[in-house]
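Alright, two takes on the same chain below, each alone as structure tokens: structure 1 and structure 2.
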Structure 1
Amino acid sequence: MKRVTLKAVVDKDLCVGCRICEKVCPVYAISVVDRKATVQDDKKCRGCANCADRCPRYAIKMVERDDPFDVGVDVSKVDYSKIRALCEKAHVNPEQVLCYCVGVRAEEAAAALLMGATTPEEVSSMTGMRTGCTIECIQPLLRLVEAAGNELHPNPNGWQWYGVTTTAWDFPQEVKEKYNSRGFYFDEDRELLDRIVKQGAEKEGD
């Protein structure tokens, strides 16, 4: 759950329409129209300040909202067995915190996807995920989006993400054979991670 208390406000006199703001917004709430940055609907803004922090002209400021609101997903509204199945497919534990800035757990992101979200931006809008540093949580989020059956289509105008990185579940056999004798334990690491992902499932089944 995130309390959104700020919103982006553009000084049109200072804005030069460079588009950096729209490239870094994790929910695409801001865009350049007629060479000026514009927040078409400030309810879409999640108050992360990415646009203001990166504006080279200091044309964007974060101001207090008159109408703060909460964003978050109620996981109790989704069949938890489906949440767990989706998380296991993405190799994350449902209770694992994916977004440390906001405190979003994997179960919340999975619930958002099961409730209809299909893109990282939609999950971010629903949960608040990626509206802090926007860095640490992107890879597990991409894995969840793919595990839910959605294709990843990077926005050609955005700087948000560039594809899923290799994980312990993806190493080719030839790579493992080449480096196993050098102190790497690929299979053992994967077995440990699998146990962590499934931790708690047995208790739920009791």
Structure 2
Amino acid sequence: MKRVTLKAVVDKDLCVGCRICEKVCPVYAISVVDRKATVQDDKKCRGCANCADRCPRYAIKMVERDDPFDVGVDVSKVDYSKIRALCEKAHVNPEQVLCYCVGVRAEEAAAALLMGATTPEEVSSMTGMRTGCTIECIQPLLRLVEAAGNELHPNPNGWQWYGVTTTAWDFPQEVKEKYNSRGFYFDEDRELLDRIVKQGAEKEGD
């Protein structure tokens, strides 16, 4: 859940239509129309400031909304056993925080997917996930989207994300063996992550 308090506002006199803002927006709220960046429906903007912070012309300002609003998915509307099953498939605990900035937990992202989201952008739009730093939660987000049965198609014209990467669960054995003695605790960490995934499962089953 996120309270959206900011919005991006473009100074069209400064904009040169380079499209960088369009390529970095995690929810596709900004695009270039007639050579000028435009936020067509400012209710779509989740206030992450990516566009403002990458615009080479400093043409975008983040301003405080006079109509702040909440986005979020009500987890209680979805069968929790389905949420847990989806989270386990993606190797996360439903209650684990995935997005440190906004505070979105895995269960909310999973609920968004079970309620019909099919892309990372839709999950971000519905929950606010990945609209803070926009960096650190991309992998578990992609993992969840895929675990929910969706194919991942990076935007060929954007830089939003490129693809999933290796995890503790598919890490090559020969690489572990090669580097184990250098202070990396690969198997021990995987065991720790597996314990986290299972926490609380018995309680729900009671």
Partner chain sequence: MDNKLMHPPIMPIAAKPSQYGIDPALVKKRVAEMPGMVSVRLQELFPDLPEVIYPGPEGALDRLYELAKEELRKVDMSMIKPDQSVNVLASHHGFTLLGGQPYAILLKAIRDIVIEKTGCKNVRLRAGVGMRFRETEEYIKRYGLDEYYEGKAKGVAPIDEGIPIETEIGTLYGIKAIYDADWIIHAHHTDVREVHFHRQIDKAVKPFSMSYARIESRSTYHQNLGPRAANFTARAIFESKFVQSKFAFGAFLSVGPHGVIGVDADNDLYAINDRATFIGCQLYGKVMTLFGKIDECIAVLDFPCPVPYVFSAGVIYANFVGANADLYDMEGTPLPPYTWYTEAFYNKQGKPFLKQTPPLNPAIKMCVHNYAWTGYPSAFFSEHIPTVVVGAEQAKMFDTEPMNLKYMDHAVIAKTTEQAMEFAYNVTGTDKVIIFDGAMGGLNCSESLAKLLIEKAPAVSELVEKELMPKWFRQRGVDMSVLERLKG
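Rigid core (definition): largest C-alpha set, two forms, superposition within 1.5 Å. What you see is a predicted model, and the numbers here were worked out from it, not measured in a lab. Residues are numbered by position in structure 1's sequence, first residue being 1.
Discussion item. Of these two forms of the chain, identify the one that is the form predicted together with its partner chain.
Written reply: Pick structure 2 here.
Discussion item. Once you overlay the rigid core, does the Cα of K43 travel 2 Å or further between structure 1 and structure 2?
Written reply: No; that C-alpha moves by less than 2 Å between structure 1 and structure 2.
Practice prompt. Take the rigid core as the frame of reference and indicate whether the C-alpha of D70 shifts by 2 Å or more between structure 1 and structure 2.
Written response: No; D70 is a residue whose C-alpha shifts by less than 2 Å between structure 1 and structure 2 when the cores are overlaid.
Fill in: CA of K61, rigid core aligned, shift of 2 Å or more between structure 1 and structure 2
It does not, since the K61 C-alpha is displaced less than 2 Å between structure 1 and structure 2 after the core fit.
Item to complete: Give the C-alpha shift of S181 between structure 1 and structure 2, in Å, after superposing the two forms on their rigid core.
Response: Displacement of the alpha carbon, after core fit: 7.7 Å.
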